[in-house]
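Presented below, as structure tokens, is a lone chain in the form predicted on its own.
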């Protein structure tokens, strides 16, 4: 057996997996979107119904907000943890990454325990504040499991920055703010773009947390779920799934081009 044949044989399992679990389901999804009475016009119907456009806009808004806040919090914490060694650092880091162990349903339940009708905030505030079942509650849930993903990526990139660059900037009289904006953030930009793209894509398609909190929340994953379970509208559910996938894929593609192909390592 030649080396070329051996390489082809090693790629065979990947080819089979790609066809069986990636290509064929996607083709089936596209064909299902046109299987209804409207045919390919289902996409025009999707764009004409305010509910679908509103759900897409709300999903984009929540995902963008989660991405921005997660980048801000995780970049600050990541730079500090990457540059400082102190007692309890490993414990703090393990606590910050603990949300990675929880599925979306558990995260949603934790938000309910915090801001639900019987939650802690409701019990200690004079106005009995309840926010778990709102878009803000969903935002907190998404942020909870997005911060660790961004934090680990930023920390890995921060540890690779040459300290001599910062020392050179300080020796030239640059204040800490200029060192941050002119040295650290440009060096972290590929990692931040990659981590932000992963956080955005995760929030766009997250279902478990939205399903747990979805009393007054109308995001695209929930709309897709209700379309094929309650309405049995498989064509519209397929069309909405394709729309969601295209938006997320476009963001990942743009991020990959901006980060120099580092998006794949951001997860």
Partner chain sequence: MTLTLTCVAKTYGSGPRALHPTDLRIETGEILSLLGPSGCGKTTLLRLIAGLEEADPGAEIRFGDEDVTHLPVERRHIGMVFQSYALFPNMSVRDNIGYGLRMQRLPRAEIRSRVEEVIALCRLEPYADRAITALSGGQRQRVALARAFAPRPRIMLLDEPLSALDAALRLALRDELAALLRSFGTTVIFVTHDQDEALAISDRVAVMEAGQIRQIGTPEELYRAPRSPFVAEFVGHAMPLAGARRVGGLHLAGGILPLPAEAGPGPVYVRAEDLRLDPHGPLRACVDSVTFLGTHYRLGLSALTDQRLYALHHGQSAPRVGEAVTLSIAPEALICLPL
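These numbers were taken from a predicted model, which means no experiment stands behind them. Residue numbers count along the first chain shown, from 1.
Beyond what is shown, the protein has a form predicted in complex with its partner chain; the following relates to that form.
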*Does its partner chain get within 4.5 angstroms of any non-hydrogen atom of residue 96 in the predicted bound form?*
no
*Would residue 126 count as touching its partner chain in the predicted bound form under a 4.5 Å heavy atom rule?*
no
*Is the gap between residue 186 and its partner chain in the predicted bound form 4.5 Å or less for some heavy atom pair?*
yes
*Looking in the predicted bound form, any heavy atom of residue 170 within 4.5 Å of its partner chain?*
yes
*If contact means any heavy atom within 4.5 Å, which of 81-89, 192-200, 152-160, 174-182 contacts its partner chain in the predicted bound form?*
174-182
*Ok, 105, 165, 72, 120: which has a heavy atom sitting within 4.5 Å of its partner chain in the predicted bound form?*
165
